[in-house]
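As structure tokens, one chain now follows by itself in the form predicted alone.
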Amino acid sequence: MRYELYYWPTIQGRGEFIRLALEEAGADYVDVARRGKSGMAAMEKLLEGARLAHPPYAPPFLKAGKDIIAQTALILFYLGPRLNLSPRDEAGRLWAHQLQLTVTDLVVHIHDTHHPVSGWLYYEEQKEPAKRRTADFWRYRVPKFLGYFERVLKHNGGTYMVGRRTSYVDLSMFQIVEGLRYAFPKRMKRFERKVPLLVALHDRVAKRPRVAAYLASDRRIPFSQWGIYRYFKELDG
């Protein structure tokens, strides 16, 4: 099957978790909105959803045959068994999904470090709240979330987040670590000693042949000041 991924064409964002899974699996897919005006028009048409029984609320969403699946965690839950990136048993698949939903919660906290008041305001209009939110994020949220993922990884043997082979959860943890390194290089460097297993997992994923090829290609959109992860010197204390 050829998959069609619909997401904003200039940012990694939430769509990157899906791109990583598709790339690791060597799946046949097209990043529709990156095809220029026609791709954006196709995405906008589906977002209008006038003739769809189950219209998506927002990107990312995936078209697989006649099916359209939205929400990052749900898309990965769907793709997992089809791309051999999740456990075969139901309990294992649900466990992977639970972890991915927790990743989704963390992503919201990461985004809100630089936009704590409103996504409709520029960062410059909420600098002081952003400083306070970022301090709280690193004091409470990062230790709780990454500490939890570190414990899960250790309990599972230290190599994979779920089961005994690479899953989409491992790919997502790579993206979390990679993104935090971009947005908060100083803070993350200090914190990484507390989560050595996650750091090692990140490094192993980065070396996987298909992931490494993807990261070196122009298919991988660079980090920027318009995605989930944004670097502001004053927030990286």
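Don't overthink the numbering: it's just position in the shown sequence, from 1. Worth saying up front: this structure is predicted, and the values here are computed from it rather than measured.
As for the form predicted in complex with a further copy of the same chain, it is not shown, yet the points below apply to it.
In the predicted bound form, at least one heavy atom of Q98 sits within 4.5 Å of a further copy of the same chain. Taking the partner from elsewhere, R193 is found to have every heavy atom lying beyond 4.5 Å of a further copy of the same chain in the predicted bound form. E150 falls outside the set of residues with a heavy atom inside 4.5 Å of a further copy of the same chain in the predicted bound form. In the predicted bound form, P56 approaches a further copy of the same chain with a heavy atom inside 4.5 Å. Contacts of stretch 124-152 with a further copy of the same chain in the predicted bound form, defined by any heavy atom lying within 4.5 Å, are made by E125, Q126, P129, R132, R133, D136, Y140, R141, K144, F145, Y148, V152, listed in sequence order.
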